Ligand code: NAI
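One chain is shown next in structure tokens, namely the form predicted alone.
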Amino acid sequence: MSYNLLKGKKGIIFGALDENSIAWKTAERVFEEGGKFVLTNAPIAMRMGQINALAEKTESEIIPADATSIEDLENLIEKATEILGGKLDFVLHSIGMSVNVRKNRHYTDENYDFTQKGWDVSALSFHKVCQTLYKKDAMNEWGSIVALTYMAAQRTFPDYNDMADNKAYLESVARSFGYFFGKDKKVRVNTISQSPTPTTAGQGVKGFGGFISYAEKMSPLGNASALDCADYTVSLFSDLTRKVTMQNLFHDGGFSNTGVSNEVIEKFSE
């Protein structure tokens, strides 16, 4: 169902890889709600993914950019505002990667070169995106910037590894940059803390299958899907959430406020 919530709005969507990814679903929903956008991903991800099909479906152009490179981000923002014909109303940062996780390095045995690379891609890139948008004055008033995060920033999930630290940093950037973006440009900056979601990235975490079923049993409303997250993101891009900023918004079926559920107790009482 479309409500035309984003009619006339334009933006940039980072990180659509394949149809399992939250950014992909968000692009589809934004398009359905009348928004126009440029798609972007790292050149390597673009070779792996099926982003061309999404671009065709959503009548979008693709601009490759490494989100850790200021030069790439400046080029992306210049070209996007040119293609879209003006300043931006929304930006989705849906980027995360841990080399330590990929290479099976335990949290107590990090390779710090890997750690730095993962931090740059997953966390510092959000500051770089915000700073480049800010310096270029590329956002319209009441625009909305959203990054995706996970509750491992607040609580320990042993196999989430150094991504937990990256997400904690990412959420802090949203608060800190959100202050200046709000004061100076009337732009809001938020993070969505999503349920565990079976995306290509999510499934790379060890023990993911067991964990997702645990979260399902713990959440009164069940896990939020990638499509649910896309819907929530659309609401944050819309004019209905103009005074929501600097927030870390849990979108997890109630998981974050549930101590224990009857289903989990039953499972352990067997």
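Residue indices: 1-based, along the sequence shown. Keep in mind the model is a prediction, meaning the values are calculated, not measured.
Missing here is the form predicted together with the ligand; even so, the following discussion is about that form.
is_contact(residue 68, the ligand) in the model of the complex, heavy atom dist at most 4.5 Å: Although the ligand is absent here, residue 68 would touch it in the model of the complex, with heavy atoms inside 4.5 Å.
4.5 Å heavy atom contact, residue 200 to the ligand in the model of the complex: Close contact exists here: in the model of the complex, residue 200 approaches the ligand to within 4.5 Å, heavy atoms only.
4.5 Å heavy atom contact, residue 119 and the ligand in the model of the complex: No.
Close approach of residue 167 to the ligand in the model of the complex, 4.5 Å, heavy atom: Taking the distances in the model of the complex, the answer for residue 167 is yes, it comes within 4.5 Å of the ligand.
Heavy atom of each of 21, 41 and 94 within 4.5 Å of the ligand in the model of the complex: Looking in the model of the complex, the three residues 21, 41 and 94 all sit within 4.5 Å of the ligand (heavy atoms).
Residue (of 144, 195, 161, 191) lying close to the ligand in the model of the complex, criterion heavy atoms within 4.5 Å: So the residue touching the ligand in the model of the complex, by this definition, is 195.
Proximity to the ligand in the model of the complex (heavy atom, within 4.5 Å), stretch among 82-90, 95-103, 133-141, 172-180: It is the stretch 95-103.
Heavy atom contacts to the ligand in the model of the complex at 4.5 Å, residues of 123-157 in sequence order: The stretch 123-157, when checked against the ligand in the model of the complex, contributes 148, 149, 150 at the 4.5 Å heavy-atom cut-off.
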